[in-house]
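Next up: just one chain, as structure tokens, the form predicted on its own.
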């Protein structure tokens, strides 16, 4: 079994950014479980599945083959043979992923792939339920969070830098709504594992957060 570092936390806490830095420093593979759910979400959107139609979500998700490849050390998310890295970071995909990832059948579809990667490699894996559900025996567990205001501010700046029009208050409302949904879903809700350390990044730089976690994982 590989050495596993599990990083959980709410949307916008910086999990992916930090996980990539930790993986690079430790020379581990970075596994972005959220990207897998986003790939499924993209497929559902392409097939015009409604947010409240869980039956169709399961039907179409079963037709979506999601896999992970690594090219020059970079994760590539493959959906039915297509590299979708550049297509899964929109707000529309984010909302669909948040809803569809709560469907038990969809979580089961991706669970074994995620665990297989962790068994066979040293990995840093981030998501909502890594330490509590996917990798409960991970040697290192972190719950990374930040205030809703700070997470909304980060997302707002990110979208503005891309040249997208956006509204801060709407972004903040969406984050709060997503926190509520992720924390209260019946299957694998977002919560801090009992043996995870809490890292609040609200007033920390990216480098400070990464160093805190790297030091913990020595």
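Numbering follows the first chain given and starts at 1. These numbers come from a predicted model, not from an experiment.
Unshown form predicted together with 2'-deoxycytidine-5'-monophosphate (DC); subsequent notes refer to it.
**Student:** Counting heavy atoms only and using a 4.5 Å cut-off, do 13, 151 and 191 all touch 2'-deoxycytidine-5'-monophosphate (DC) in the predicted complex?
**Tutor:** Heavy-atom distance to 2'-deoxycytidine-5'-monophosphate (DC) in the predicted complex: none of the three under 4.5 Å.
**Student:** Determine whether any heavy atom of residue 77 comes within 4.5 Å of a heavy atom of 2'-deoxycytidine-5'-monophosphate (DC) in the predicted complex, and answer yes or no.
**Tutor:** Outside the cut-off, so no.
**Student:** Does residue 123 reach 2'-deoxycytidine-5'-monophosphate (DC) in the predicted complex if we count a contact as any heavy atom within 4.5 Å?
**Tutor:** Residue 123: no, not in contact with 2'-deoxycytidine-5'-monophosphate (DC) in the predicted complex.
**Student:** I'd like to know whether residue 119 contacts 2'-deoxycytidine-5'-monophosphate (DC) in the predicted complex, with contact meaning heavy atoms within 4.5 angstroms.
**Tutor:** Contact with 2'-deoxycytidine-5'-monophosphate (DC), no.
**Student:** Would residue 115 show up as a contact with 2'-deoxycytidine-5'-monophosphate (DC) in the predicted complex if we use heavy atoms at 4.5 Å?
**Tutor:** Outside the cut-off, so no.
**Student:** Can you pick the stretch from 47-55, 169-177, 151-159, 27-35 whose heavy atoms fall within 4.5 Å of 2'-deoxycytidine-5'-monophosphate (DC) in the predicted complex?
**Tutor:** It is the stretch 27-35.
**Student:** What residues, if any, in 173-201 have a non-hydrogen atom within 4.5 angstroms of 2'-deoxycytidine-5'-monophosphate (DC) in the predicted complex?
**Tutor:** Heavy-atom contacts within 4.5 Å come from 178, 182, 185.
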